[in-house]
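Shown here is one chain on its own, the form predicted alone, set out as structure tokens.
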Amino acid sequence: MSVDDAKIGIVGGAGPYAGLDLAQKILEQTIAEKDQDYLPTLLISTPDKIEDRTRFLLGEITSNPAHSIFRNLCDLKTLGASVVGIPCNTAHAPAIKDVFLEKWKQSGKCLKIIDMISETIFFLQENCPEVKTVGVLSTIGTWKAGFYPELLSASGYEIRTLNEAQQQHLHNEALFNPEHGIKVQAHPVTEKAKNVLLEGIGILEKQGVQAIILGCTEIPLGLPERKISEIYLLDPGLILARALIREFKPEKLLPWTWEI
């Protein structure tokens, strides 16, 4: 495969709206004046094959979604992807990520897989140098896995999260409620779901956070703002989109601004 035939790859389906959201953000963050200026992008979305990441981390199922993610990576490589992003925070928990990365290493194939979590922390350091205290909103699986607090603490930040009951409420009502959750109603996000997210923001604000990581790729669908009051809202999906463009063709990356 020549450089001219290379493409950006997206592992979609975890969840389906997150894959579409990343594809749109790649378009929005690309310098372009006409159709032909945009970057070649592949999206593979197999939600029926990728097991629930949270249920796996909570021990409710034993089948690791890492194996389905690995198969998606193989398909994207076959189709010409040279750099790939996985727009799912929970899939970056070590119990999942370490497995698909090890399988990829053993395959001997060459493909740059962007780590969304590391990119988010790097973005925070580069663009919010004054921030010392960071909050995290996420699924209950990501909350229990604890990889955001661990990596943020290692980078010198003070961390604030919801307590378990508050986090479970956000997970159940804003994301997974079968009638108004973002997983089933994303365009537009319902007022009920958004209000639950805003409650979470309010709880973290009272704890003195200066920035909040929206640590589930569906949360930014309900909170598209980049700042609320003086608090930075960090969207890992948006950061991943920018990282993919940077790695694929850096001259096509729009300059960053906190204004939408």
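This is a predicted model, so every value here is computed, not measured. Start at 1 with the first residue shown and count on from there.
Another form exists, predicted in complex with a further copy of the same chain; not displayed. Remarks below refer to it.
Note on the interface: of 207 to 215, 223 to 231, 26 to 34, 190 to 198, the segment with non-hydrogen atoms within 4.5 angstroms of a further copy of the same chain in the predicted bound form is 26 to 34. Residue contact with a further copy of the same chain in the predicted bound form: residue 64 places no heavy atom within 4.5 Å of it.
Although the partner is absent from this view, residue 113 stays clear of a further copy of the same chain in the predicted bound form, with no non-hydrogen atom inside 4.5 angstroms. Among residues of the shown chain, residue 165 is not one whose heavy atoms approach a further copy of the same chain to within 4.5 Å in the predicted bound form. Although the partner is absent here, residue 39 is a contact residue: one of its heavy atoms lies within 4.5 angstroms of a further copy of the same chain in the predicted bound form. Screening 101, 159, 184, 131 for any heavy atom within 4.5 Å of a further copy of the same chain in the predicted bound form leaves a single hit, 184. Residue in contact with a further copy of the same chain in the predicted bound form (any heavy atom within 4.5 Å), chosen from 180, 144, 71, 169: 71.
Every residue of the trio 7, 15 and 43 has some heavy atom no more than 4.5 Å from a further copy of the same chain in the predicted bound form. In the predicted bound form, the residues of 48 to 65 lying within 4.5 Å of a further copy of the same chain by at least one heavy atom are, in order, 48, 49, 50, 51, 52, 53.
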